Structure formats: C-alpha cells, structure tokens
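Only one chain is included here, represented as structure tokens and corresponding to the form predicted alone.
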C-alpha cells in the first residue's frame, strides 16, 4: 500500500520519535509512506485565529501537492494537522469559487479530492487479519489507558471516524493484539496542548489529572496518537511530579509503539528508548 504522507512541523522536529515509530510500524505492515514533495506548515496552531483565508490556503497547498502527485489518501499523524487539512479539503470541495481562489493562491489546482486519514484509520484499513498475521508477541503485560485528547475525535462533524465523547478505536486495535485497555474517565479531556509554551502551570495541572485518573483505574501506561499530548504527558511528567509531590512513573507510548512491539520491533527501532519516562521493562518483556 502506497499512501501520501504529511509529517507536519512536529514530526520533523520535536516529535521525530513519533515519525520513527509510525514509519517502523507501518513499514512492517507493508505500508509505504510517500512524503509530500515541498510540503509547508498547515498553520494549525494560529492561522485560523489570525487570517481565515490563510488558514485555508496553507493546508490547501499541501492538498494540491497530494492531488498533483496522484495520492487518493494522505496520512497526517498529528491530529491538529489532520483536522486543518480535512476542514480545508471539505470547504474547497463544496465551493467552486473557493476552489478557484485557492488554486490561484497556491499556484496549483486543488479540488479537495485527497482523503486525509490519521494513524488509527490506516491501522483499521490494514485490518485485523493483517495485524494478527504480523504479530509475534502478545501484549498481555500492557494495561493501557488509551488517551485521545481533545483533538483526535473533535470536532465530530469534521473527523467522523469515532465517537467524539467515548471513542474506542484504539482499544479495539490493542485488544486484538492481547493488551487489556482500562476503562477510565479522562480519555477525551484536554492536556493543555500548546499552552505548555505560555501557561505551563495549566498544562501541569491538566496532565496531573489525566495521569492520576489513569493510574486510579489500573493502567500501567498511557497510549496516545498525538505528538502534543505525548510532550505534555511524557516530557512534562517529571515537572508534574515535582509540582504535585507525587510519583506517577507512567510510560507514555504512541499507538504505533505498541503495535510495533507486537510485530517484534525493538524499542530502538520505534524510538521508545528516546522517551522521557522509561518503559519500566514493559517494552522489553516477551521479546
């Protein structure tokens, strides 16, 4: 399977461990990621609040590149990026005047034809049989709290792939591989996202609530599919512990990490060894 790939700024920067994990995991499934040639920032964090036309034009440029190069589907692993791309794609597809305007601005024809998907959807499309065929290790040691955050399933009218308030798609994938996801209360609560740069105390408080609830419901790790969530829950976890005088010590994995471990990939192949909270032996057991 060949699929277009939009890494966005995070996966080529601070969250390059996520890109390493996604490429290794999907590569084991035979999914070839073809990075867009000359992609640009989609403007996810600020453009929509500053300039509406720019907020459409930035993702439109990437959509036009995908269409030009013949990609029917494009993976955007970052939920902020995928949401911006999907919103722009649907707006362009529904409005001929906007299509013409955006085509002029980005200097490429864009029609909103490329389907933008996230990591969960790519794994769903691969299917249960393919996952089990590649599996060499049961994830029986893992009791993950699957954390979707506030962006992976919202807004529901845009994303349309799981229940916005009680999603279960990550749990379904991990149960098929032998893990035992826990039921808990904070799977779609916000971790503070980009406020880690301007209001760290808010991020620490929100992350503390998430980590505490996961542990209280028996989780021995968290699983995410968002680079910003991983930053706040993994990199900031030591700051959370100092701020609140607790020891969480909860490893935070990307979904592709656990799927990759089930396929027999090593921590170093997936980038797990570069996470801030050590995997506490979970990742290496059973290998």
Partner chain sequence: MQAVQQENPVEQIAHTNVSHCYQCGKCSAGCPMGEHMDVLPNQLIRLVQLGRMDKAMRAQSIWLCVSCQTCSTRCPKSVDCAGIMDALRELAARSGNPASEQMRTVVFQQAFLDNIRRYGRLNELELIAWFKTKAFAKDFSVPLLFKDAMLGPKMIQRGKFHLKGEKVRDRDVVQRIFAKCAS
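Note that the structure is predicted; figures quoted are calculated from it, not measured. Residue numbers count along the first chain shown, from 1.
Beyond what is shown, the protein has a form predicted in complex with its partner chain; the following relates to that form.
Can you work out whether residue 54 and its partner chain are in contact in the predicted complex, taking contact to mean some heavy atom pair no more than 4.5 Å apart? Yes - in the predicted complex, heavy atoms of residue 54 and its partner chain come within 4.5 Å of each other.
Is residue 124 part of the interface with its partner chain in the predicted complex - any heavy atom within 4.5 Å? Flag for residue 124 set to no.
So, residue 46 and its partner chain: in the predicted complex, are they within 4.5 Å at any heavy atom pair? Answer yes; at least one heavy atom of residue 46 falls within 4.5 Å of its partner chain in the predicted complex.
Indicate whether its partner chain has at least one heavy atom within 4.5 Å of a heavy atom of residue 275 in the predicted complex. Yes - in the predicted complex, heavy atoms of residue 275 and its partner chain come within 4.5 Å of each other.
Please tell me which of 29, 240, 33, 58 lies within 4.5 Å of its partner chain in the predicted complex, judged by heavy atoms. By the 4.5 Å heavy-atom cutoff, the listed residue in contact is 58.
Could you tell me which one of 164, 130, 180, 215 places a heavy atom within 4.5 Å of its partner chain in the predicted complex? For this set of options, the contacting one is 164.
Where does its partner chain sit in the predicted complex: which of 132-140, 169-177, 100-108, 113-121, heavy atoms within 4.5 Å? Within 4.5 Å of the partner lies stretch 100-108.
What residues, if any, in 140-172 have a non-hydrogen atom within 4.5 angstroms of its partner chain in the predicted complex? The stretch 140-172, when checked against its partner chain in the predicted complex, contributes 150, 151, 154, 155, 156, 164, 165 at the 4.5 Å heavy-atom cut-off.
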